[in-house]
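Take a look at this single chain, the form predicted on its own, given in structure tokens.
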Amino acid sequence: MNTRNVGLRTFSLRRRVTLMVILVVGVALLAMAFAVQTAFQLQSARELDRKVEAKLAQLDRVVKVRILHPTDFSAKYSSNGVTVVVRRPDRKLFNYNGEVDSIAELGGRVQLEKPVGFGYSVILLTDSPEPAQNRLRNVLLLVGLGTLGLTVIVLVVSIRLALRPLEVMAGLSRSIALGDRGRRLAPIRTNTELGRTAVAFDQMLDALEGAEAHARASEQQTRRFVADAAHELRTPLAGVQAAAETLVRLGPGAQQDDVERMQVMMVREARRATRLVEDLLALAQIDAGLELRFEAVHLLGLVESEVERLSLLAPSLDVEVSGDDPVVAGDPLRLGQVVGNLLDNARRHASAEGVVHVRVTRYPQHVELVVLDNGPGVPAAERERIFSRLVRLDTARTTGKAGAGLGLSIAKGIARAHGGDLACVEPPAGHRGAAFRLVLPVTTAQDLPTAPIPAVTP
């Protein structure tokens, strides 16, 4: 068996998931911090613009005359983050604390300067938003780092719990490898990813155990078949050996009747061994796939030919043939072997009167051949087992006319190779013997192939 490796990458799933989640959370936190800071800046800018506009409207209403006290004026109208600085005609600057040397030392941001008459002008300063933005950035950094750390702790615990089913599967695999074959995952829920994986895992184990059990059963069956075949073959060989040793022991002065009796025994046992070897060879060919030469076969004529052959072996046997004469596609030699096996089986098990009925019936989709004998019949529980190799019923063993138990198995294999089947069925009402039914597909002559076709192994 050729093994193909998938080459599965086995990085730590826990580590991979943790790193991926940390990366996603980190990117999300950075994006959130950037969005918050940008929104804060935009909101601060709009707020300052509104304050400046409100302060200008206020100054437009109150500045009507010369500003006599700049310091008092600045103190009165500086509020809400907006500082009013008065510039006198002599270019000196005053805020609510008094005279200042320059705008720069106030540290604010100049929004605008507006003349108010008589050489005076007012300068509106706003507080710089950078300190507030820096504080916000520091808060976001601390909160982000804390959130990321908490996320890592929660991830380590939650991923360990989430991956526990995989650890259970790995543990079960190890226990099965050590010999505990009966355990299964048996998931409670099968509609989840892990549930479907567990079901597939259990199905794989069932399939492997089934294949292993089938292989063991097949091996045991093969060993039993070989042992039974050797046992069956040993009987005629022992007969040949005993007859040969008796002839040697009798010597040249033996009576002619004894010599002829030993010679007949040797021929009979040799034929029996030959028949058994031929049957074993036929079974091997069926297992390997028969090569059949299909042609048009008149089934009723084939049956009559086999009945004529049977009449030479058993002149006292009464065989009645009736029914249609359909044409089927098949190998005439192999189909004759099937019919011959069925007739031989009926001959061996027929009663003293020896009556066998053969009926051929044509149906629209198949042809049916039924062989009935008036023997002891086959119990319903044994009707499938009799097609197993080297299987004979107790009644067959006690009659003294039993074969090796291969004929029906060969016949069934040939029938399946033709696309049909052979079965032991319930006999008709009022009939106490055995009934065998051969079913073959109907094929017209123009559908027949011109070359041999390897048959499917039954």
Partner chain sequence: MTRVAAVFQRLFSLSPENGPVSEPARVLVIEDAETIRIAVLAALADAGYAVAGHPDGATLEEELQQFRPDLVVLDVMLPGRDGFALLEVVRRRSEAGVVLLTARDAVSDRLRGLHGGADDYVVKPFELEELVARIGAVLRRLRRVPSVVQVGDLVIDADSGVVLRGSEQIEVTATELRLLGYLAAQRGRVVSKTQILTGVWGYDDYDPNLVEVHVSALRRKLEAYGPRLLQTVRGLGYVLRADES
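Numbering follows the first chain given and starts at 1. Please read all numbers here as calculations on a predicted model, not as lab measurements.
What follows is about the form predicted in complex with the partner chain, which we do not show.
- Among the residues Ala273, Leu317, Ile176, Met265, the one placing a heavy atom within 4.5 Å of the partner chain in the predicted bound form is Met265.
- A heavy atom within 4.5 Å of the partner chain in the predicted bound form is found for exactly one of Thr197, Gln337, Thr126, Thr246: Thr246.
- The partner is not drawn, yet in the predicted bound form one stretch among 84-92, 340-348, 140-148, 237-245 has residues with heavy atoms inside 4.5 Å of the partner chain: 237-245.
- In the predicted bound form, at least one heavy atom of Asp258 sits within 4.5 Å of the partner chain.
- With a 4.5 Å cutoff on heavy atoms, Pro364 does not count as touching the partner chain in the predicted bound form; it lies far away.
- Looking at Ala132, you'd find every heavy atom of it more than 4.5 angstroms from the partner chain in the predicted bound form.
- Although the partner is absent here, Leu333 sits far enough away that none of its heavy atoms falls within 4.5 Å of the partner chain in the predicted bound form.
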